[in-house]
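A single chain, nothing else alongside it, follows as structure tokens in the form predicted alone.
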Amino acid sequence: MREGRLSGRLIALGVTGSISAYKAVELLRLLTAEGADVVVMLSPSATRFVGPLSFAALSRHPVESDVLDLLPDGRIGHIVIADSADAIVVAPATAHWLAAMANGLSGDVVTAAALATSAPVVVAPAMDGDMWTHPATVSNVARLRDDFGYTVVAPESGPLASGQTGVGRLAELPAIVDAVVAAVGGRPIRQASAAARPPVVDAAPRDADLVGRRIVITAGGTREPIDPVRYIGNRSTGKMGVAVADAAIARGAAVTLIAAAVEVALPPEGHVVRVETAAGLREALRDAMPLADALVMAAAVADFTPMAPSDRKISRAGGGLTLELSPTPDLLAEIAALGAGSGDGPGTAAPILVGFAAETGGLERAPEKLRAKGIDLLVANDVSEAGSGFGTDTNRVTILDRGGTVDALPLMTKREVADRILDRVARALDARDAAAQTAGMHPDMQEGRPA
């Protein structure tokens, strides 16, 4: 490939739920090597195969994965992409996506952006061989190519995920890049202004300042059973907690991620403990905390649990249902009351404790929550605010510490929020260790004089 064939172009890379989705990361690299500015869109099923963080780090743009999400600056993400991209390339494109696109069903950001754009669209299918040759798929591909004018980079023959051999493998990545270059051709750049394009993520790398640190992070929402099929839950998706885990791993920490109900991919590099209820989370924390240097309690723990859950499904034949609830323990306050960890080595000093407070209508109660829990940092946000609620890729938080400092951050991606939190955790750990070292010195050495 010749370098710079896509110089100055904005290319939208749509990834759908195929096993070959992992190849899209390398495709992003190849497009970037050609000079393209690349923004990535993931269908819901694609996020099951590959997470957004690698794409965000390499593209330096927020990754679009939900048609309802807004960009950090308030614009509708997939519409901005549709209006500014010089080309959209969907690779891999599943049989499901081909069918949805051929019939104009915009149920994900990839189809929505393709429907809303006037830019050329390049499609690289990948699927099982029998799916590729099915008359429905053949018809859908023909419609995209002949009626919509899309460029279709046909799959190749070879071993497939099913264990069979046949036509269905994603085309070689350089061939896909060549197709994008050809589709753009001599067209003028649609939007040269950075302001008209998706915003750039603050991708400034952090130092590996958590190497040797053991960080426990909780994520997701607990589910308190009413009977075997019903539960009391909340709207947490786990995005914030997982973002903290990913950021901590990137900074060198040994991470234990205690995950309740989550809707995002979990980092493979961390030690993951799955739980469901507040009681299960309590037990997992008891196991994980003795050697922990810090705890970031991002999970949304249910405040109440049914006192007498049924072991059989409750019938609706009896009419209404009355539940008697009991409060769940304040797990973070319990840990704070325990103080220092137990055991030898790292973690024997008191861990740095970070709590979260999801409020509505304001953050007036946050300072009192910080004092009542006895923790080091409290991250508070108003979940009723646009872009700052459950399930969004952005957050607007205020970080409070026990010294009275209040740091109100602007709206930013959850990964950026995670790094801001970990900046504070890293500094607090360094200060804790320095204080412990000074406390162990001879009094004259504490003043910088030899004993």
Ligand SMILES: Cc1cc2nc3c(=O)[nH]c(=O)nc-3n(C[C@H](O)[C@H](O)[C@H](O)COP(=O)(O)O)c2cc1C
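We number the residues from 1 along the sequence you see. The structure displayed is predicted, hence computed values, not measured ones.
Another form, the form predicted in complex with the ligand, is not on view; read the next lines as being about it.
> Just one of 92-100, 309-317, 328-336, 220-228 has residues with a heavy atom within 4.5 Å of the ligand in the predicted complex, so point it out.
Only one stretch qualifies here: 92-100.
> For Thr32, is any heavy atom within 4.5 Å of the ligand in the predicted complex, or not?
No - in the predicted complex, heavy atoms of Thr32 and the ligand never come within 4.5 Å of each other.
> Does any heavy atom of Ile19 come within 4.5 Å of a heavy atom of the ligand in the predicted complex?
Judged by the heavy-atom cut-off of 4.5 Å, Ile19 is in contact with the ligand in the predicted complex.
> Are any of the heavy atoms in Ser54 no more than 4.5 Å from a heavy atom of the ligand in the predicted complex?
No, Ser54 is distant from the partner.
> Contact with the ligand in the predicted complex for Ala113, defined as at least one heavy atom pair within 4.5 Å: yes or no?
Flag for Ala113 set to no.
> Can you pick the one in Met127, Ile258, Val255, Ala294 that has a heavy atom within 4.5 Å of the ligand in the predicted complex?
By the 4.5 Å criterion, the partner-contacting residue is Met127.
> Counting non-hydrogen atoms within 4.5 angstroms of the ligand in the predicted complex, say which of Ala183, Met131, Leu266, Ala278 makes the cut.
Selected residue: Met131.
> Given a 4.5 Å distance limit between heavy atoms, list every residue of 29-57 close to the ligand in the predicted complex, or none if there are none.
Sequence-ordered list: Ser43, Ser45, Ala46, Phe49.
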